[in-house]
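Just one chain follows, in the form predicted alone, and it is written as structure tokens.
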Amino acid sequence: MKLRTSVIAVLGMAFAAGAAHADINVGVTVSATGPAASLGIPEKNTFALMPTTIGGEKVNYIVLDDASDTTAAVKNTRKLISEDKVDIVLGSTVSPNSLAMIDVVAESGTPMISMAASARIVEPVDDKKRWVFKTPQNDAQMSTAIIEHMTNSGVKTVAFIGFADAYGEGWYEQFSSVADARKLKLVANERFNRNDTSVTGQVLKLIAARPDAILIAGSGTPAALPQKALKERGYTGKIYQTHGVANNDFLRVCGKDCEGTLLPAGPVLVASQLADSNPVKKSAIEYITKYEAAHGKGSVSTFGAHAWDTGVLLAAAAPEALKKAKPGTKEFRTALRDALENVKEVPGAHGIFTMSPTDHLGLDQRSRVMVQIQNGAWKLVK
């Protein structure tokens, strides 16, 4: 009887301890290999810098590679939820993967923060997308920045070439809408795949349309392909890229062919060039300092910063969720979703986040700047 009583007492203490503390399990799927690797690698590196405790609770990160593949991203998401019992999913790197993951997280009632750009990931907020948030700026915000620069620079006609997937289509949808409103004429519209090795046919059509400027809507190193082909064919007009190319791997692959290229980007890309009064500068420098301490000076990219901002949002929301439920429960996942939807004026590396029931991005115009590639480096356009 004494032994039985002792065992019951010990078990009781163990259960009491377990009730007092429970780890927050965070599932991550990134594109650390495949065509989007130049985006996914800095994201993967960033998760190693994330806080290991939030609100007094230990945080565990389970990081998986989806190899830039939609099917693998969905498989990873199912594993993280069903086997690892995560409280939240962070990822994926690219828009097609993130869009494919929505059904899985919604079905299980697990909040998700994407690191991909397409507005379709979070808009419109419906019964499924109410579980989904994202950190990169919307295509519409960046399209407006590009078109403002184009019109101010005297551009009247523009041609478009983008990825033949959700990223390219999302960009064309947003860019063409804003261009039409600003009386900017679109004279050509082409597509290419992320793993293509030639875009000669598309580039010849673009040049034949004689546009004042060309927008390339791609991400990572594959976006260098059309630009190099345009330069090889002698195009001398302005070339714009999207914020999807804002990393040093793109500069390395594109080389001299990208000199003078213009693009919108998050403030973190040129944080040291921002005025001290810029509200994002302090939080952007914080991320840069931590990343470069681990990976060397000049190693930061905007994509790693998107990952960092998922952690910023989690750190802001989790303490509120912990007031209502314990990690590992349906109640905690729901409370975490609700808390994410209510973050206000949270400073990240890319901007200031204020979410709402109809806005699961929460960034405003403070989250974008125009940048030009000069002498192989990023320069703030003032």
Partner chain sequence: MDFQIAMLLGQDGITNGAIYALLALALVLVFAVTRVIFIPQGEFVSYGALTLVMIQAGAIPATVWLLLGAGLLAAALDVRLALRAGQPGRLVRLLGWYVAYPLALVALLYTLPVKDFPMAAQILFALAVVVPMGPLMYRLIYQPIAAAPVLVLLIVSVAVHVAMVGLGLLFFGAEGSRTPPFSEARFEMGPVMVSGQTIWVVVSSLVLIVALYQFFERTLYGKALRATAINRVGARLMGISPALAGRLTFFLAALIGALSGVLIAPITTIYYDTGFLIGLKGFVAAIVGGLASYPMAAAGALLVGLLEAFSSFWASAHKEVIVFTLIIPVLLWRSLRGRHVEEEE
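Quick caveat, the model's predicted, so the values are computed rather than measured. Residue numbers count along the first chain shown, from 1. Between two forms, the rigid core is defined as the largest C-alpha subset superposing within 1.5 Å.
Unshown form predicted together with the partner chain; subsequent notes refer to it.
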Task: Contacting member of 32, 355, 336, 50, with respect to the partner chain in the model of the complex [4.5 Å, heavy atom] - done: 32
Task: The single option of 110, 261, 221, 141 touching the partner chain in the model of the complex, heavy atom within 4.5 Å - done: 221
Open item on the list: Within 4.5 Å, heavy atoms only: does residue 71 come near the partner chain in the model of the complex?
Closed with: no
TODO: Flag residue 225 as yes or no: does it have a non-hydrogen atom within 4.5 angstroms of any non-hydrogen atom of the partner chain in the model of the complex?
DONE: yes
- [ ] Classify residue 200 as contacting or not contacting the partner chain in the model of the complex by the rule of any non-hydrogen atom within 4.5 angstroms, answering yes or no.
- [x] yes
TODO: Indicate whether residue 181 is a 4.5 Å heavy atom neighbour of the partner chain in the model of the complex.
DONE: no
- [ ] Using heavy atoms and a 4.5 Å cut-off, decide whether 233, 249 and 253 all contact the partner chain in the model of the complex.
- [x] yes
Task: Which of 98 to 106, 200 to 208, 307 to 315, 148 to 156 sits within 4.5 Å of the partner chain in the model of the complex, heavy atom basis - done: 200 to 208
Open item on the list: Taking 2 Å as the cut-off, check whether the CA of residue 120 shifts that much or more between the shown form and the other one after a rigid core fit.
Closed with: no
- [ ] Using a superposition on the rigid core, decide whether the Cα position of residue 148 changes by 2 angstroms or more between the shown form and the other one.
- [x] no
